[in-house]
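Next comes just one chain, in structure tokens: the form predicted alone.
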Amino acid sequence: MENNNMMGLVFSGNPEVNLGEIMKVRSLAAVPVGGKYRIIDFVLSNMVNSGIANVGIITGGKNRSLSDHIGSGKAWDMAKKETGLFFLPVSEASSGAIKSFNGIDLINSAMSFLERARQEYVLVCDCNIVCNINFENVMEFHKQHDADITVVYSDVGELSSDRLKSSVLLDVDEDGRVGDVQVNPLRQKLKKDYMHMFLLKKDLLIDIVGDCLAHNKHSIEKNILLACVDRLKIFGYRFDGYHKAINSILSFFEFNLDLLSPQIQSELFGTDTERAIMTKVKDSVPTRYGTEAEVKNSVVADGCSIEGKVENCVIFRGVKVGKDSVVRDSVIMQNSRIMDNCKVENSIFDKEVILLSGKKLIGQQTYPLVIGKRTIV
């Protein structure tokens, strides 16, 4: 059922996130995950499953693969005339400086889309927070508390110094009111982590963005949330389910291997009839397993040929693993070829990598080895 009063706005990138070789040829939103998905599939599916029928995707550079993946929005049942999925490219004059853009600049680039929309509320999300959340519950919470802005957060334990430097922590009282916002703190005093999703009235967002730009302010976290915490009613909606912010090579690697847990798979992907994660469907032949193939605790997509041993891996479509080869604790993307008598551990292969016979590539669990697209090793 459509939620005719709420629209969505999604950032396809984040200037503070760099996944190295994996983002060399594609935007953050288009990074492949989980064997057959892209990062953006999760936030789009959450919006569609919550009845949001009008979604704008703010795009910067390297969007060929994202455009090909999204297409008309048919995979998400959003190929419609007046509503649906819309690409909102940053203007050519600004696209060269996209890395220096902050969230407020990007929202401003989509101002005409916002002003034309009929919906009263807008939900603004980063593309790289992977979870399965019902935004209708966020809207209900927002209205119950008569909030000006509702942010989504999760409870966290002690964060590492690296994680802390990129976190936004909230002080939330028993009623859900946000009393303080700490942006990239040096020391952790709070344990409620902002998930880069917030809901407010569209007209309020337009007013705030205009005011910020008039005063040369550009950060959502600093110049909207922190700056408005005393003068607006900002409330926090707690999300208790599985979630992962994919903002580094390590978090990308960890997320893919998290999917080997049946409990996380069940929680994250829902069912075919309820809160499913949708993606562009590609027809492939079934995977072929050789007589000596051995596969343990792995996700293996269609169209693969497995002759060797695969353990604790995420294997994308069309991957070949040759005879006497061993692949452990790794993420192997579409159409990569691991020839005979190879050994691969703690590695990430982008698409169409070829590993020649007899080669060994071994990374570390905390520092996986990354091989770029179409590399021959």
Partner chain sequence: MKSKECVAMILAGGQGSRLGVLTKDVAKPAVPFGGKYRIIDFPLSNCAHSGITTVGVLTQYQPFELNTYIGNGQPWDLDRNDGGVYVLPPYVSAEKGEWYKGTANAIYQNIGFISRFNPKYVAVLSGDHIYKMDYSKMINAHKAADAAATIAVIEVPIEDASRFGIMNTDENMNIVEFEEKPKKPKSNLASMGVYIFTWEMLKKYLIADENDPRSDNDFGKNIIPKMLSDKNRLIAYKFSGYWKDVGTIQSLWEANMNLLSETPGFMLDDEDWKIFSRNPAMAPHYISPTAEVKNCYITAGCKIDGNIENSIISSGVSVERGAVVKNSVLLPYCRVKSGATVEKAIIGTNAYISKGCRIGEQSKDAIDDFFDPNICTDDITLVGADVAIEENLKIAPGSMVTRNVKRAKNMEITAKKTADTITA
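Numbering follows the first chain given and starts at 1. Being a predicted model, the structure only gives us computed values, none of them experimental.
What follows is about the form predicted in complex with its partner chain, which we do not show.
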item	value
In the model of the complex, residue 302 touching its partner chain (heavy atom, 4.5 Å)	yes
Residue contact check: residue 112 to its partner chain in the model of the complex, 4.5 Å heavy atom	no
4.5 angstroms heavy atom contact with its partner chain in the model of the complex for residue 86	no
Contact test in the model of the complex: residue 292 vs its partner chain, heavy atoms, 4.5 Å	yes
Its partner chain in the model of the complex: contacting segment from 240 to 248, 136 to 144, 274 to 282, 114 to 122, heavy atom within 4.5 Å	274 to 282
In the model of the complex, the one of 60, 322, 35, 56 near its partner chain [non-hydrogen atom within 4.5 angstroms]	35
In the model of the complex, the residue from 219, 166, 265, 188 that sits within 4.5 Å of its partner chain by heavy atoms	265
Residue pair residue 66, residue 272 - Cα distance in the model of the complex, closer or farther (3 Å or more)	farther
Sense of the change in Cα distance from residue 272 to residue 36 in the model of the complex - at least 3 Å versus the shown form	farther
